[in-house]
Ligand code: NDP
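In the block that follows, a single chain appears as structure tokens, in the form predicted alone.
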């Protein structure tokens, strides 16, 4: 039975991945900042799939809290087979010269430093056992840049680079590393980007059929259950109506 740790499991792709893994019978370590949501999701999954779950409520932007949380994992869950670095966000949509620096800090601290903190804490547990699979959730924004998204794009380009370097660094330790890069997925992503403006966020997905969190969760679930000799290094997945970061066929 595999054990998986998922960051940002309180909503969107992280939450959907938790359900997809539970359907396969995985033991789950679910993390996020919102403890009430973690409890609700955990109870729901246990009721539906009867799998073992623990939850860890902490902010991955804080290295000390991250280390304390990972160190608190009970022995029965210490054999982590899969780490899904899903927690991430975009905040604001403006030109560099007009941007809110606090938004930059939040994206950099979550998307880059948080991913690094969690990986640094979990990877040695995998290396000790000589096996493991790290899945980083990137973005089309890690392959291209677009107007008003400079710092978000920069953070996802960093995820792209870190994934490649992790793959090299841990190759001899038997650790797989994958990068899953979605295009437009309708989750809380745009609500967060527009700081709670749900009306504006809804317009982002009008006129075409976007991806769902479950679509990406299904891909992640497939990748981590492939035979040991196969690693999907990188995958870019977008709605049929999307050609690149900014070109959509809206009707």
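Positions refer to the first chain, counted from 1. No experiment lies behind these values; they were computed from the predicted model shown.
The form predicted in complex with the ligand is left out here; the points below concern that form.
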query	finding
One stretch from 222-230, 195-203, 42-50, 55-63 that, in the predicted complex, holds residues within 4.5 Å of the ligand by heavy atom	55-63
Interface membership of residue 119, the ligand in the predicted complex, 4.5 Å heavy atom rule	no
Proximity of residue 178 to the ligand in the predicted complex, heavy atoms at 4.5 Å	no
Contact flag, residue 132 vs the ligand in the predicted complex, heavy atom cut 4.5 Å	no
Non-hydrogen atom contact residue 89 with the ligand in the predicted complex at 4.5 angstroms	yes
Residues within stretch 163-199 having a non-hydrogen atom within 4.5 Å of the ligand in the predicted complex	182, 183, 184, 185, 187, 188, 189, 192
